[in-house]
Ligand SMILES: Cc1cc2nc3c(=O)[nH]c(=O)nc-3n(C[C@H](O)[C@H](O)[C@H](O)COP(=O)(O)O)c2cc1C
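Quick heads-up: it's one chain on its own, the form predicted on its own, in structure tokens.
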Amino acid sequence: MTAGTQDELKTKLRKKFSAHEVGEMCCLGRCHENAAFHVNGTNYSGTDIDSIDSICKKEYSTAEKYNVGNMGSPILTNTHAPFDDYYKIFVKVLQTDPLQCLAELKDSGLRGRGGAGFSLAFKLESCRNVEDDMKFIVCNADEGDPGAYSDRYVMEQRPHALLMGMMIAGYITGASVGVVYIRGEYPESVKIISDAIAKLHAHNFLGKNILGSNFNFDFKVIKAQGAYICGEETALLSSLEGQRPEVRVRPPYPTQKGLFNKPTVVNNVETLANLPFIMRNGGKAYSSIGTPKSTGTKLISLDGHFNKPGIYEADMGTPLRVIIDKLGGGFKHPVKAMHIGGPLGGLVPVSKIDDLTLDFDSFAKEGFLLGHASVVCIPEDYPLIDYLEHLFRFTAHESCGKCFPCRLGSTRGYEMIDKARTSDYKMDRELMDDLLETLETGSLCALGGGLPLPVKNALKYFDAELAPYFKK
């Protein structure tokens, strides 16, 4: 949308397909080069559209490529050892007391990389302490944030880091089933993860009494159906149970009563993929990287507005300026803001770049949210009022509908903005502030509750641009 490539893409598609054959899908994880589309179970982007005839004849494979690099300590972007050598980490884990493994995880200080930044060790310990004959480790691979494709990178380039991480989590908690919930818009990820699981079976790393350890574990891969709300952990669990994906009221928390009311740990791809490094090198080695409160590294997704778009790994605490200029190579053209952390993340004006470092606390202190660390740039010539209307429309479209503030508030929001944008109507700032407060405090989950953050950032930092749409 911000790159302005979709209209031309649709025009080219309609030369090959009739109008009713060209539908709509959410983010395909091709934010590094745009012009993304999906044909017959395969994703394409960039200049692929120019080969649409060959694609339809199944004579063409995507030419997708993106930069991958690191600055500091390469944990997730480092080249992995061959399969047998890499799984020596897991063999060692099976010979170690689960409580010792948990202690290493506590020492690491690893916090969830999906947005909330919650302690992984706390989650695993909470699940471990519940007595039950069935427990689950669920990987939330429903990476629906526009601009984010770091989880896709891990699943397709480092699948065994994720799978071993889930196996380690299962060993610590006593869980016997790992569920990988992958968004349907990532067909390549589904295939690669499924093939990696088959390889684990072939090498006897899954099933009953693995390597004579009395530990049982196996995987189930679920292909999601395109609902952004399923990125919220309780809606994801309802989806897995075959129910409407609605957010659940907490408590009880998933670690107590999760999937099928059994103790369940839900974490995202990047979080779980850190576990093999921690088990091999020790928790203190991991905590020595980054900052005291934000340990380790973070993957960053840079979009097509950068000179070197791609996936980069940097130590927590790295200045944002360094990431943009040295890793991303700077902007291709003038940019006025970056939406960091998905649609519910903070809208960061370029004037704040030098005030931020890559960690949870720096972003929170400045009134933003690190979240998934995905970066969507807003060019200087892109109307911010259009972007804000899109955020409200996105939330209204993706709301599960369970709570009124999200379902109704997001709709009222885009109606107000659309009216102000297309007529002489002027919005009342007090009414907008009331709407944002209602969304923020009354929504059951971060979809409605997080939407106000980028809107408030925009109202604060781009008052002059937005003033014509409000009453004086």
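Given the structure is predicted, the values throughout are model-derived calculations rather than measurements. Quick note: we count residues from 1 along the sequence shown, nothing fancier.
In what follows, reference is made to the form predicted in complex with this ligand, a form of this protein that is not presented.
- Looking at 163 to 171, 278 to 286, 304 to 312, 230 to 238, the stretch with residues near this ligand in the predicted complex, meaning non-hydrogen atoms within 4.5 angstroms, turns out to be 230 to 238.
- With the partner omitted from this view, the residue of T357, T271, S189, S150 that lies near this ligand in the predicted complex is T271 [heavy atom within 4.5 Å].
- Proximity to this ligand in the predicted complex, defined as a heavy atom within 4.5 Å, singles out one entry of L436, A420, A446, V68, which is A446.
- Taking the partner from the other structure, this ligand in the predicted complex has no heavy atom within 4.5 Å of any heavy atom of G178.
- The shortest heavy atom separation between V266 and this ligand in the predicted complex is within 4.5 Å.
- This ligand in the predicted complex is approached by N140, whose closest heavy atom lies within 4.5 angstroms of it.
- In the predicted complex, this ligand lies farther than 4.5 Å from every heavy atom of K135.
- Although this ligand is not shown here, in the predicted complex the stretch 330 to 366 places heavy atoms of just one residue, L344, within 4.5 Å of it.
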